[in-house]
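As a starting point, one isolated chain is supplied in structure tokens, in the form predicted on its own.
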Amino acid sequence: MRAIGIVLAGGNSNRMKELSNRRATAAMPMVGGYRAIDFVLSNMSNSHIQKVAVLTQYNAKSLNSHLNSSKWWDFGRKQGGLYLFTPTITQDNGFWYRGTADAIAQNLEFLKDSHEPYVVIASGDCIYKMDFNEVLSYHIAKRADITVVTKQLGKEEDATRFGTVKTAADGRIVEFEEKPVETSETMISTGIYVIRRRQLIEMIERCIEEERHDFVKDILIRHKNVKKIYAYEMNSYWSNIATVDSYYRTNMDFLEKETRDYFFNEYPNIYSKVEDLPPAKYNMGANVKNSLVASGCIINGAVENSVLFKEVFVGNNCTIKNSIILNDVYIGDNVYIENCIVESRGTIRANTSYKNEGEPIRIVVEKNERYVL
């Protein structure tokens, strides 16, 4: 593909609450054995983008560890590859990334040293499958300056979390409002953009001169009446996981066979870093219904409508319902958990109960001693 990729993965979402205390949103575990960033990297690999830069900043340790090799997504090894960029203090700059445009600006040499004519920019905290070649073909056919991938939300979904878009009959964006207080619009930007590389460099250099730092506000919205900015509407599954509720709901979506088949049983595939773990073990007394159980788990109790990540231990006579248990959690005997998210590497003491009957979803963070005499 005649494009390079840029993944914006440095942000922190306060709406993730305790879940973002130790990791970036793009590094959030997903669907048992994946990370959120795996989906955009897989989409770029499947679209034959060989050169991808990931811009990280907030709590980047786990994300950088996950991305320690490009082989899992099969990016180009002789030409191209996977590049990680974190903020660096230099002679000319002593700032962290002050926004999405500033993140690109601080790594502008990556764009200048590349030769591909186009750039695909995407966020690292969205779950979807997409062929970026189709977006690029649309971009070229429209002779657009910038193409924004959009999604029509259902009426029950909160559009104020995103940038709302209004288009003309030919698909050109005529209105763009970033995270409005109130809106009746249901078409939103998914945070995926296609732009010519040279044009992006020019726009970023202008932002640097004018001390502007945000890609949406200072490039898209500012130029919507000057540049030809078109919308490419996505009609397949898409979800942003940057809130506790959306993270919980997205994982629960994968309990539906239709969603699982779309992502994991239909070409192209979703890839992730592979760990050498034994298969899940179900001992006598285990009773598992409509759940996703990852490698390394040992189940002794009842699990229903839940997602269990890697190396979870469920003790005897336990009941887990409608919950997400993150990596390496030990659950003692006679524990009841319902409508909760249990943070990774936690230890749930025996004979305890965690139940949430209302909103928002309860996050359980227990750092008890796991091994006692």
Partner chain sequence: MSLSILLKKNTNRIKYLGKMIHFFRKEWYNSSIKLTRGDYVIRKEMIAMLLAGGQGSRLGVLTAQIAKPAVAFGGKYRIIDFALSNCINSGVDTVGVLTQYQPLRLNTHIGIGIPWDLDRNVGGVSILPPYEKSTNSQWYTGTANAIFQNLEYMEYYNPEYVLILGGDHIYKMDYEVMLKFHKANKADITIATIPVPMEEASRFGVVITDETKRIQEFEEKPPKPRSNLASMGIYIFSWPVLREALITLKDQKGCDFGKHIIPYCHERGDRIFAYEYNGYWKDVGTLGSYWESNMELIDLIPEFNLYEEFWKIYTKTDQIQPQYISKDAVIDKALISESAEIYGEVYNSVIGAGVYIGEGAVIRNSIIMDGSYIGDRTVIDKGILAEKVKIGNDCQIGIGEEAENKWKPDVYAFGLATFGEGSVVPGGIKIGKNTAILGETIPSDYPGGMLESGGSIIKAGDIK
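Numbering follows the first chain given and starts at 1. Note that this is a predicted model, so its numbers are computed, not measured.
Although it is not shown, the form predicted in complex with its partner chain is what the next lines describe.
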Counting any heavy atom within 4.5 Å as contact, can you tell me which stretch out of 240 to 248, 259 to 267, 191 to 199, 122 to 130 lines its partner chain in the predicted complex?
259 to 267
In the predicted complex, the residue from 149, 136, 288, 219 with a non-hydrogen atom within 4.5 Å of its partner chain is 288
One residue of 144, 204, 297, 159 in contact with its partner chain, assessed in the predicted complex (non-hydrogen atom, 4.5 angstroms)
297
Though only this chain appears here, would residue 31 touch its partner chain in the predicted complex if you measure heavy atom gaps against 4.5 Å?
yes
Any non-hydrogen atom of residue 279 within 4.5 angstroms of its partner chain in the predicted complex
yes
Taking heavy atoms and a 4.5 Å cut-off, does residue 311 contact its partner chain in the predicted complex?
yes
Give a yes/no on whether residue 284 approaches its partner chain to within 4.5 Å in the predicted complex, heavy atoms considered.
yes
Restricting to 95 to 134, the residues within 4.5 Å of its partner chain in the predicted complex through any heavy atom are none
